[in-house]
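Here's a solo chain for you in structure tokens, the form predicted on its own.
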Amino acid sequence: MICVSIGRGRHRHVIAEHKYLAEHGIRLVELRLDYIEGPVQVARLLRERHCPIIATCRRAVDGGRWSQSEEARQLVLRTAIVEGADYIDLEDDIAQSIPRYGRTKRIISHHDFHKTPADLEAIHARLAAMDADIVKIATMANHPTDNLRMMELVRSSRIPTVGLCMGDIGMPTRVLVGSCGAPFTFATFHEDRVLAPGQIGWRQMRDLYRYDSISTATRIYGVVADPVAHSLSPVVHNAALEAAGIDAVYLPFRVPAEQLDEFLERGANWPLSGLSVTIPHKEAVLKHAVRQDDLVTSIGAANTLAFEPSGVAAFNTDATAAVESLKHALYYRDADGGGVGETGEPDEGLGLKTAIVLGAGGAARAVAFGLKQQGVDVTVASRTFERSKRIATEVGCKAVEWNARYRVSHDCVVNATPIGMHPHVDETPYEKEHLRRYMIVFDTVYNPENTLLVKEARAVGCQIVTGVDMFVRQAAIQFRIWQGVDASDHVMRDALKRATSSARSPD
């Protein structure tokens, strides 16, 4: 069950949001009484409830906003019990001073906003002994293994327990804790108004991650990166999984570089079935692979891992997706003039002579390699010339200084840098005055799809390939590797476009 936290300053807003949630199928809400401005009208809030509630009033030290005296706060909590709140959330340092009364169930909670303590079991035992109906522990995750320890605690508890890790690293526990036996998890009403670090919106929890359908049989996939909160891979993959009727969930895993090895070594503890890999891990994951496809061997980087009985298998879907995206664009450009076989498919090869790839990361290497395989004369340019030279050596192409990227015109310009990505939408890696009508401009940035580079290239009359096309294609190949069936291109593309559109829309 998803419990939605409501934190508003006015009673009427709390009541309105409560009613809205009940009408949309939410069966439990948390009323954050510490957010109320002025006297808290507990009786009014409980009288006009539309589904069961957890009454909570938190001090600043516990992540709340209560600014009055502790005596006044405890009076609010006692009043909520007397007025018949379904649940009352009491911190462990005051729980024994507020006795059980009536039918109100007691949630005894402990918060640590700095770490996930080593003695979770001891903390849990202490809370359970305070006449608890439910134990709640929320701690800050500083390492992916903190999630595993928390979920194991919930799984092994005899008393109903809600165990959550906070922050970006702890986000997976919010989605998976129900499958470990927790009676509920927490989500926020507004996506942009979180009441605890790492909290996500209730619609995401319900519709994107399908929280209520996750069980011990649900397979776990995800994207591993640092940072990872911006990734839209969960949007695309979860939409495809739902459309295909596959019992699996795809999560964002924020894993700092120094923690990657242990995260992968303990993949079976989640258990993980597959991972998308992005910055900064595309090369570092290779030492954990027992086998790798030919593209990974040639490129020296992987963006896909499959956890198989024999071990981890590594794949690279970026290069294939980049070439397929360009072939698709050239097919439509040449449809009126030859360049298309009798079957309606593009002829072998790209028909491009020269291309410049901007960037020196894993995506740049993959695109450069894919183009080189197609017989294209490739030049790499990035703001770090040493990295450009390294890619050029590995791929067998040329490298130039960043400031020299305009000196020679190319048939194709590929942006494999994050320049132009939301929120830096007013930036471009290739100035408009150097664009030519005959060029194909390929921007791997997918959020937004219409970057400044894309807009200016379209205005000049260039043929365009957007990051959405490549992103969906590489995700579809990943899906096929993991699931053994094709994903719905239409479902993936629509999900991505809806997500990028809503992210830029005013609230």
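Since the model is a prediction, treat every value here as computed from it, not as a measurement. One-based numbering along the sequence shown. Note that the rigid core is defined as the largest set of C-alphas that superpose within 1.5 Å between two forms.
As for the form predicted together with a small molecule, it is not shown, yet the points below apply to it.
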Quick check for you: of 105-113, 87-95, 383-391, 186-194, which stretch puts a non-hydrogen atom within 4.5 Å of the small molecule in the predicted complex?
383-391
Within 4.5 Å of the small molecule in the predicted complex - does that hold for a heavy atom of every one of Val223, Val277 and Ala313?
no
Under a 4.5 Å heavy atom criterion, is Ser179 part of the interface with the small molecule in the predicted complex?
no
Partner contact for Ile169 in the predicted complex: the small molecule, 4.5 angstroms, heavy atom
no
Taking heavy atoms and a 4.5 Å cut-off, does Trp402 contact the small molecule in the predicted complex?
yes
Heavy atoms within 4.5 Å of the small molecule in the predicted complex: does Met421 have any?
yes
In the predicted complex, which of the listed residues (Thr379, Thr79, Thr417, Thr320) lies with a heavy atom within 4.5 Å of the small molecule?
Thr417
Name the residue from Gly361, Gly198, Gly201, Gly300 that puts a heavy atom within 4.5 Å of the small molecule in the predicted complex.
Gly361
Tell me, please, whether between the shown form and the other one the C-alpha of Glu386 is shifted by 2 Å or more, with the rigid core used for superposition.
yes
Is the C-alpha displacement of Gly170 equal to or greater than 2 Å between the shown form and the other one once the rigid core has been superposed?
no
